[in-house]
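Single chain ahead, by itself, as structure tokens, in the form predicted alone.
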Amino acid sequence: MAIVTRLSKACTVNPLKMSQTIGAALAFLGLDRCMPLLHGAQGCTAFGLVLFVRHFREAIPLQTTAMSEVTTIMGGMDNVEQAILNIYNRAHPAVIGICSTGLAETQGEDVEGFLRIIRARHPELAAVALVFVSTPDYEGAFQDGWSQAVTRMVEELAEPAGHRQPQRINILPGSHLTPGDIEELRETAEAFGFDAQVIPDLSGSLDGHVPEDFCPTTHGGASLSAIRGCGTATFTLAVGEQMRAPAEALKRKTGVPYHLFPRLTGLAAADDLIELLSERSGRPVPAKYRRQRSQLVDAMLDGHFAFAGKQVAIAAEPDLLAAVAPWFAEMGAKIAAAVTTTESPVLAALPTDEVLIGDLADLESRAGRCDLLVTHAHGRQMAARLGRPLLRMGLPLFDRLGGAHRTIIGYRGTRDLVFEAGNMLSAQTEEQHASRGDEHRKLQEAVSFSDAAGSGGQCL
């Protein structure tokens, strides 16, 4: 059992956390024909836009209500109304996802009241889904915003159904899953004959494909009809503790039961997923997954020498931390330092003595003797200062290609993670041995020189 410690510092030195607002915006980017709208100042949207563009290397549709000094004092309803009308007239979206910011929340904006007035004034908006989520950026963290946005999607858009489709299931992925992870999860479900509806679906909208025509909104992702029809599913598969609230909301709204997986990285976790899908579908496990499992076991046998006894320092959102920290422990490594962004029930069960709610500076101060650092791309300077390898994981990854397609779940994803992390640890070990060899040679040279100097009169 880990002790969860929240550090109280005057300032964040090297930020790890990203805001709820950005997490909610990313969730809306997983819907088809959607335009996320941030209710706040232009800078709030600009920072999020830069973050997503650098990470995904794609055009990101993101709009702002552009509150000014005057509207911050007098109220921003006119800004919200004008922004919605501009988006409707120019982009023709199916969904507009409205996320509040700290500015609007501090001012006390009643956005839901605004939306009722706007709908009454503009009947032409009847076909557009307007989903508002309260995401003050002075509370919570990235995964909290994602969770709240998906909860609001379900509450606003899901419809109860009088019948079930036996082969249809809902998948609610956490924000820590990449588009590649989501695609792997969907393909695994489909291999058992299921029609999997993913909400939200970044693998459809931000998987790096090139559209045939320009689209001002998101192109691909979960459709409005799919969300409205999720009440016909036979069950819901949720991934990550952050998705418990959306799964509960969907169950209340439609009666669809759910099964929550805390993680899908690791042999036992992948086994649990395959076992559930086989049991629910009534089908045997396909041969390809039996072979993938065998490959993972072989990779673990080959790689455990690289992991055994190594010390790892990890900084990540709670659900990503809960996915990879137990896996490292299963491979024989020790979690010497763990830092996260916000409270979560999963933290106390992590295989380490203490989990800090802090920043990357807190990780750096505790990771000096670690063999491997694990965090997003903002940890690269820390890794350079400590002279340790950095396994980039999470968001953002702006200094490497292919982050959106990286997969760390299931048999195949875990196998690839064994190779990636194992190679880093092996290289670090080789460098340490080489460094010790150089030091030994220098010592021998120094001793030889000293001996020669001791009898130097004869040498001269």
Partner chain sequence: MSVLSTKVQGLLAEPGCGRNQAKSARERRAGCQNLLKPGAAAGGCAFDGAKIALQPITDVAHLVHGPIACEGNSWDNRHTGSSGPLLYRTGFTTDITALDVIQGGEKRLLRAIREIIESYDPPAVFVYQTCVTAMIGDDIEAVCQRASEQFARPVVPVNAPGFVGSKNLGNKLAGQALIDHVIGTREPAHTTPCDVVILGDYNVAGEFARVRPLLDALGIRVLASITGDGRYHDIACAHRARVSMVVCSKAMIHVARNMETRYGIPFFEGSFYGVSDMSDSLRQMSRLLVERGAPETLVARTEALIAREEARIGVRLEPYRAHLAGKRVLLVTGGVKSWSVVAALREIGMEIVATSVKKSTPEDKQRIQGIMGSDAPMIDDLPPRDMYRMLKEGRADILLSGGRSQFVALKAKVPWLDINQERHHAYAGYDGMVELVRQIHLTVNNPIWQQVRRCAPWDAAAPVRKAV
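Positions refer to the first chain, counted from 1. What you are looking at is a predicted structure, and each value in this text was computed from that prediction instead of being measured.
What follows is about the form predicted in complex with its partner chain, which we do not show.
Contact annotation: residue 29 falls outside 4.5 Å of its partner chain in the model of the complex, judged by heavy atom distances. Using a 4.5 angstroms threshold between heavy atoms, residue 57 counts as touching its partner chain in the model of the complex. Looking at residue 138, you'd find a heavy atom of it within 4.5 angstroms of its partner chain in the model of the complex. Of the heavy atoms in residue 287, none are within 4.5 Å of its partner chain in the model of the complex. You can rule out all but one of 153-161, 328-336, 103-111, 292-300: in the model of the complex, only 103-111 has residues with a heavy atom within 4.5 Å of its partner chain. Only one of the listed residues (373, 199, 360, 189) places a non-hydrogen atom within 4.5 angstroms of its partner chain in the model of the complex, and that residue is 360. The three residues 349, 365 and 397 each lack any heavy atom within 4.5 Å of its partner chain in the model of the complex. Residues are counted as partner-facing when one of their heavy atoms sits within 4.5 Å of its partner chain in the model of the complex; in 32-51 these are 41, 42, 43, 46, 47, 49, 50, 51, in sequence order.
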